[in-house]
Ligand code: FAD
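Below, in structure tokens: the form predicted alone, a single chain.
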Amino acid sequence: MSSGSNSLMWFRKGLRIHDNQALEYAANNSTHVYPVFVIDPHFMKPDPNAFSPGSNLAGLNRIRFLLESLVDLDSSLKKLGSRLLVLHGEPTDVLIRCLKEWDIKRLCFEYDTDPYYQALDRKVKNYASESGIEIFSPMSHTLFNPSEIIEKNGGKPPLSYLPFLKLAGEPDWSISSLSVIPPIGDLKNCEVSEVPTVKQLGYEDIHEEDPPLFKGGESEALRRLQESTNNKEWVANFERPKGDPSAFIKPSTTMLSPYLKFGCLSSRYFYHCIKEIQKEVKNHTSPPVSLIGQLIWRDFFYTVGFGTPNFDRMRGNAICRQIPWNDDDELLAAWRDARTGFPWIDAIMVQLRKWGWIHQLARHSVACFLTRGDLFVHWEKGRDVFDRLLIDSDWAINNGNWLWVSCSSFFYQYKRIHSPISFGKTYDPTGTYIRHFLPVLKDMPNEYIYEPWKAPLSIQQKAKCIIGKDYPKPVICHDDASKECKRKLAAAFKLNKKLNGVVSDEDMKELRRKLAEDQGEGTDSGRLKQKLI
């Protein structure tokens, strides 16, 4: 391709200047570069019927973070002599119109493995190919190319970490850099705008009691990266799953996940920085528990998600165990809205709704409670709540973690349950975390902060918190519910093993019938729910 042509740089994730292969390619081979982001109503249009402020699919915290990231990207582009061109509408329609209007000869965008973007990309690629437009779509959101890993593994993704690690080996790439971008050409009839505010999108900018935990954008991502890597000993000795899920004033993690999700921070650049520190600090942790190991876990889930049809559901998913989950919207709503009556669980769900982020072990606690630990509600329903409320929600990782924690795939030790009472006590015996996010319990004595229903009425009155009035009674008896969950999972695991994972609707119906028959009177989930402590 000779110089003097027009390129369109389509931003979706990869909202950064540093280590952006697609942007670098566009800049080095064109006379004019059009940097474009499309406001997709699918994700951005307010949904008045949703359970929290936001669109049909994304909560307001994530939408606000994305807009802040776009403002920062626009600022960075302006420093390089360009700007971000924001357009509104269905992305493929908008892109195809721009390709025509601007006489684009080269279309550049970061490859995305998410099914939604795969569908968009096919339509845009088809048009571009038919029109003789060059397409440059590098795999730069992950450390490795999922397609290559799958090919090395005989056409299927590896389903456990160590085989994945062996197949992946060491990454083979260099960090790209950029110092100037060619100017934007004639915009013609395409209507472009500045980055909109949440108000301009139709939202009320809700005032929160706690200041936002995250500010979107590459500049903030690089600042936090610098801050995290200043303590080289901490980076070198990082070991998951260690960490305190109740630490909220200074969380015990890098807090970089939202920036990786949106590509404000290159995972490859992050990997490079950690490797440089490990050269200096010889004694360091190793995968899977190290920080490098966490980035590889991210690639693992991306690869499995990319190579597994119907990865985001139970039915039709070859790697997912078929389990007769309860379809109980009442219990789901109690969990989602922090009304379970278990302070540790409810405090986590309040933090999730307010901050759009919770510690990984906190995620495990509430996901286990909803699914295999207590309520036996389908993991897909919990996944949807997380997908809406988490700023860092990532299709592959969110689905992978819910499959894991619910013992639907990857993990099989269903008898290992995170207690909604004792697990939190281990980290925060005085309940500081609970008192912050559930102020109704702030005066409850330490002795009862995790089990307030056990407090005598006189203690409840003194704490100005009457259980059943000011704070809910528990929706289930944990001991009974967890035993029931284990019974159902044992039967489901047995059936899945017997049928080699090929469980039909009729098989599932028969399993439900048998479980109900064996259960006896008075102990089904509906009655368990009524059996308040």
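Keep in mind the model is a prediction, meaning the values are calculated, not measured. All residue numbers are counted from 1 along the displayed sequence.
Beyond the structure shown, there is the form predicted together with ligand FAD, which is absent from this document and is the topic of what follows.
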Contact with ligand FAD in the predicted complex, heavy atom within 4.5 Å, among Gln322, Asn401, Ser137, Ser176 goes to Asn401
Heavy atom within 4.5 Å of ligand FAD in the predicted complex, from candidates Tyr450, Phe238, Tyr414, Tyr433, belongs to Phe238
Thinking of Thr253, Phe270 and Asp394 as one candidate spot, does ligand FAD come within 4.5 Å of a heavy atom in every one of them in the predicted complex?
yes
* Is Lys215 close enough to touch ligand FAD in the predicted complex, meaning at least one heavy atom pair within 4.5 Å? -> no
Contact with ligand FAD in the predicted complex for Tyr203, defined as at least one heavy atom pair within 4.5 Å: yes or no? no
Does any heavy atom of Leu222 come within 4.5 Å of a heavy atom of ligand FAD in the predicted complex?
no
Ser257 versus ligand FAD, in the predicted complex: is there a non-hydrogen atom within 4.5 Å?
yes
Only one of 75-83, 144-152, 295-303, 102-110 has residues with a heavy atom within 4.5 Å of ligand FAD in the predicted complex, and that stretch is 295-303
Checked 354-368 against ligand FAD in the predicted complex; residues with a heavy atom within 4.5 Å, sequence order, are Trp357, Ile358, His359, Gln360, Arg363, His364, Ala367
